[in-house]
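Next comes just one chain, in structure tokens: the form predicted on its own.
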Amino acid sequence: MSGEPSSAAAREPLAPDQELVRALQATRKYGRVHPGLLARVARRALAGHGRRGALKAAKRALHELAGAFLDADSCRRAERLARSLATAGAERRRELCLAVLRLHASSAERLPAVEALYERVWQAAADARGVPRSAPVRVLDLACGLSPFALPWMGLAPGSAYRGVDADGRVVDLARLALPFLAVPALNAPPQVEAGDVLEPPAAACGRFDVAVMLKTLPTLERLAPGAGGDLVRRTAAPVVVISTATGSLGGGRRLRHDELIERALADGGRRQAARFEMAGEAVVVAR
């Protein structure tokens, strides 16, 4: 024998949070979640529940962040629909996009008024920027979910640009399947969607954007890490931010009020409210 330690013996043991991240990555449900978010969830679960209860607590947190909006069966159906876009005609592609959006709990709530909602968003954002509604806008959609499938109904002004970021690799993969087949002639370049943890500094600060959109994002971030919403608003480089929260619970059984949360996030982020309205089950605030 050479006396050299074996590779297994020489390998450093993993820290508890790294072990938990590995365990989550090995699951079918959460293996596609961005590693940065998994690490954040793992640390919080260990701090609150110890090693014995951390895995269960982490899975529960990840369910609130992603699984509750798009379950495994809906994700498989969405993938089949997204793949069908490649051989579909223009009108059929719109139908397929709507079918995908209906599979995502949050996006489905927005569908009855999706065009009117975005029209009010872009008009309010243009007013806050001091430009006409017809001016191009570079949009950063944080925690975008399946919103890229709504691009045909967003009504972006000619010459605009769109980039979405989400920590759920499943929705990023779905969007990337669809984007080559979504006809959005107003955009000056193909829309982009990337995987990223919006709580990591590069996700909010990369590139140059006119408007950052955070639809139904802040309450979820606050459950993950108190103060995270204000931190995200502060780090976001865009001069205008659009924040929305649901006015009712996911099941529709109770009305929610998140005004205080939004006000605190804007104050922490050094921004002032420019407009506020409610539509399609969402309270929307535009700030600069």
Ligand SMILES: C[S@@+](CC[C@H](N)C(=O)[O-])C[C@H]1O[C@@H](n2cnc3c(N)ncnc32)[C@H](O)[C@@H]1O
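We number the residues from 1 along the sequence you see. These numbers come from a predicted model, not from an experiment.
What comes next is about the form predicted together with the named molecule, which is not displayed.
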Checklist line | Listed residue that, although the named molecule is not shown, lies within 4.5 Å of it in the predicted complex (heavy atoms), from R110, R93, R138, R129 | finding: R110
Checklist line | The unique member of V100, A143, M154, V121 whose heavy atoms fall within 4.5 Å of the named molecule in the predicted complex | finding: A143
Next item on the list: Mind telling me which stretch in 185-193, 129-137, 164-172, 81-89 gets its heavy atoms within 4.5 Å of the named molecule in the predicted complex?
Entry: 164-172
Checklist line | the named molecule contact in the predicted complex: L37, any heavy atom under 4.5 Å | finding: yes
Margin query: I'd like to know whether L179 contacts the named molecule in the predicted complex, with contact meaning heavy atoms within 4.5 angstroms.
Written below: no
Note to self: Considering non-hydrogen atoms and a 4.5 Å limit, does the named molecule approach D197 in the predicted complex?
What the structure shows: yes
Check: Quick one: does A66 come within 4.5 Å of the named molecule in the predicted complex, counting heavy atoms only?
Finding: yes
